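In structure tokens, the next block holds one chain alone, the form predicted alone.
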Amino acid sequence: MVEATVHATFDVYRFEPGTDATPRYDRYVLDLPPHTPVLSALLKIRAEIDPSLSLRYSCRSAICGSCAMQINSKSRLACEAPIGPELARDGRIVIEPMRNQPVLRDLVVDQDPFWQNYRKIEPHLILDPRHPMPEGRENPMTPAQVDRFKETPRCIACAACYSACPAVEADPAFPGPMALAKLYRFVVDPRDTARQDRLVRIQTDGLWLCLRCHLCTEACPKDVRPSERIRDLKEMAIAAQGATEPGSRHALAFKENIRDRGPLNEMKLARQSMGLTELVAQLPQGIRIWRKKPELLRAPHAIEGDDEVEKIYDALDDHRSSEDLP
């Protein structure tokens, strides 16, 4: 019995810095079964049509994370993306290198920025030198303590979340979702003695640059849910140090602002987030805003049913308490 095939069109990004003036897209057409992974199609293109195509891969089993790339504008592992659904949705398959990392050639990117951010968080246990473990002894944990890691041990460091992250694209100071998810894993580890220092440092090392778009969680092939762990880190950082810089002050001010009346009081929010000194420095911009939209500087009226807003907040507080966040 002959296996059914589909007529698949692939538009593949091609670029070699220093040799090519600009990137281009080369088109390849293959007849393949719809369950064929994108990676297998690319390897077939390289083996039978164009041996100059460069890409990175290894295990072909969604374990190593090497084959992360953009498939129809989504950061994914090529080895676990079948061509059938992509063709049914978009009619063709556009393959590009990951974003937020310099292209070395074609689909291969320089991951040094990704790994530099990872190393900055000190991804290892920091033990108390005054109380070393006896040589040859283990440092055991209870199942409940291990459960606090949540999904973070699943991470394979594929950088799909880093590629999908608009905060990384907007500000290189943002360490990226993977690094922060890994930081969470060490912050909740009861064997680590640097919890307080880690939480204090990350507040000024990019934690509050997260845009809360959840694209990292959507891109993650292992359901690590980095956006949720970043949320947890923010709450733990405020609990450890308080709202000491603009990001944390803005988060608390936004929460209480909505709780107070329902709609935002823009002027109050800016004052609480930035402080008086920074607010004065932004005065020229504030005047321009006032001239175009004076209503933004007026205190809003409380909405009807504001008691329902309070109930929502109480329910959220109860939910967070039930999660037993360390």
Partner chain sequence: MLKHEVVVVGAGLAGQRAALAAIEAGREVAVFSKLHPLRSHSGAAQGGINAAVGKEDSVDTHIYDTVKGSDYLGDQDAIEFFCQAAGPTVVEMEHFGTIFNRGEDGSLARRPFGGAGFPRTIYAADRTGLALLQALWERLGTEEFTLYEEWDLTSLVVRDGAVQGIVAFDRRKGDFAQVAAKAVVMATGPFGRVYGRTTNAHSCTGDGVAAAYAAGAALKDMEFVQFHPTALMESGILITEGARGEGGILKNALGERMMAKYAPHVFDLASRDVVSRAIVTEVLEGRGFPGDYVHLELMHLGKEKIESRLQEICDFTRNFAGIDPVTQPIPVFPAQHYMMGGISTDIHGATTLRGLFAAGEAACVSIHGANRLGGNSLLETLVFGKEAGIAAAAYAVSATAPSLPEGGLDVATAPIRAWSRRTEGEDPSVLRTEMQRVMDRYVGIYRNESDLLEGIRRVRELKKRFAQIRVVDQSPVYNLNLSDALEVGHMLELAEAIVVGAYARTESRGAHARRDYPVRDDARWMKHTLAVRGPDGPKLSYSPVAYTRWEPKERVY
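Only a predicted model underlies this, so the values are computations on that prediction, with no experimental measurement involved. Residue numbers count along the first chain shown, from 1.
The form predicted in complex with its partner chain is left out here; the points below concern that form.
Undergrad: Name the residue from A240, A251, L215, I156 that puts a heavy atom within 4.5 Å of its partner chain in the predicted bound form.
TA: Contact with its partner chain in the predicted bound form is made by I156 alone.
Undergrad: Would you mind picking the one in I289, I258, A62, L269 that has a heavy atom within 4.5 Å of its partner chain in the predicted bound form?
TA: Looking at I289, I258, A62, L269 one by one, just A62 meets the 4.5 Å heavy-atom criterion.
Undergrad: Can any non-hydrogen atom of E80 be found within 4.5 angstroms of its partner chain in the predicted bound form?
TA: Within the cut-off, so yes.
Undergrad: Answer with yes or no whether P129 is in contact with its partner chain in the predicted bound form, where contact means some heavy atom within 4.5 Å.
TA: P129: no, not in contact with its partner chain in the predicted bound form.
Undergrad: Contact with its partner chain in the predicted bound form for F186, defined as at least one heavy atom pair within 4.5 Å: yes or no?
TA: Heavy-atom contact with its partner chain at 4.5 Å: present for F186.
Undergrad: At 4.5 Å between heavy atoms, is N139 in contact with its partner chain in the predicted bound form?
TA: Answer yes; at least one heavy atom of N139 falls within 4.5 Å of its partner chain in the predicted bound form.
Undergrad: Check A47, R56 and L125: does every one of them have a heavy atom within 4.5 Å of its partner chain in the predicted bound form?
TA: Heavy-atom distance to its partner chain in the predicted bound form: all three under 4.5 Å.
Undergrad: Among 103-111, 193-201, 85-93, 161-169, which stretch sits within 4.5 Å of its partner chain in the predicted bound form, heavy atoms only?
TA: Among the candidates, contact is made by 103-111.
Undergrad: What residues in 8-38 sit within 4.5 Å of its partner chain in the predicted bound form, counting heavy atoms only?
TA: E16, H35 sit within 4.5 Å of the partner.
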